[in-house]
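Single chain ahead, by itself, as structure tokens, in the form predicted alone.
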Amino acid sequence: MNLELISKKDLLDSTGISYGQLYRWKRKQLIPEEWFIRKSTFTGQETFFPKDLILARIDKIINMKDDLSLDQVAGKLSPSLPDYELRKSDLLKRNIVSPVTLHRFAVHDPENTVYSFELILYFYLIDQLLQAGDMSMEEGERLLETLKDHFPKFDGKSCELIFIRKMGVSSFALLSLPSQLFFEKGVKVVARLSMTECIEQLKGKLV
């Protein structure tokens, strides 16, 4: 799974933003430090970016910055989890997570149980994959365990969720960005999800 990169020059040309804007957005933490990838080329050291991620991020910044300050935009785009809680009953009323998913993964929790944003994020991810038909309930249980065990280790840094399957056997992984992965023949990548993008989506629904 080769990560497609775009050079800084091509990025500036294709988006129309300036060098100054790019680095101002970096200083404001609108663009993660780890997306600035230094590589050796025949002309010397050049900066590259993960193409799909940076183009999507710049498009969001441009669309948001007319209505919000850069600090407000940074808050919406940050991979850090907000200090936000919601009761199980309200999670259902607002249709954030389906009743089927909560019945399977939170069946013993009373309706007045209060969930952190982090746990809501886990339920939300599982629900999205289940509703897309990409994952079984049993796989959802293993994904929930994987997220609980490993996602907090990233401590606000960008990461991706990788969901693969080979000959009916599935696996999950969380990895830092940017990254390149290469799998043996026969491995199907069921889903590759940016956790930052999922956090942004959930913030839009909740906060």
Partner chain sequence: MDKNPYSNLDINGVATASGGQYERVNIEGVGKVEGDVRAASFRLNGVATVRGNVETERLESNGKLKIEGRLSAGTSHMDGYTDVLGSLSGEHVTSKGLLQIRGDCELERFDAEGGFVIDGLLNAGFVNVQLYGRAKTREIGCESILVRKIAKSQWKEMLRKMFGKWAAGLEAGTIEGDDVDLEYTAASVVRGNRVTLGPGCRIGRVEYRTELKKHPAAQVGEERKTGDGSHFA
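Positions refer to the first chain, counted from 1. Please read all numbers here as calculations on a predicted model, not as lab measurements.
Only in words, not in the display: the form predicted together with the partner chain, which the text now covers.
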*Can residue 19 be called a contact residue for the partner chain in the predicted bound form at 4.5 Å between heavy atoms?*
yes
Is residue 183 close enough to the partner chain in the predicted bound form to count, meaning some heavy atom within 4.5 Å? no
| query | Does residue 38 reach the partner chain in the predicted bound form if we count a contact as any heavy atom within 4.5 Å? | reply | yes
- Task: Examine residue 192 and determine whether its closest non-hydrogen atom to the partner chain in the predicted bound form is within 4.5 angstroms.
- Result: no
Taking 13, 27 and 47 together, does each of them reach the partner chain in the predicted bound form with some heavy atom inside 4.5 Å?
yes
In contact with the partner chain in the predicted bound form (heavy atoms, 4.5 Å), from 137-145, 38-46, 55-63, 172-180, is stretch 38-46
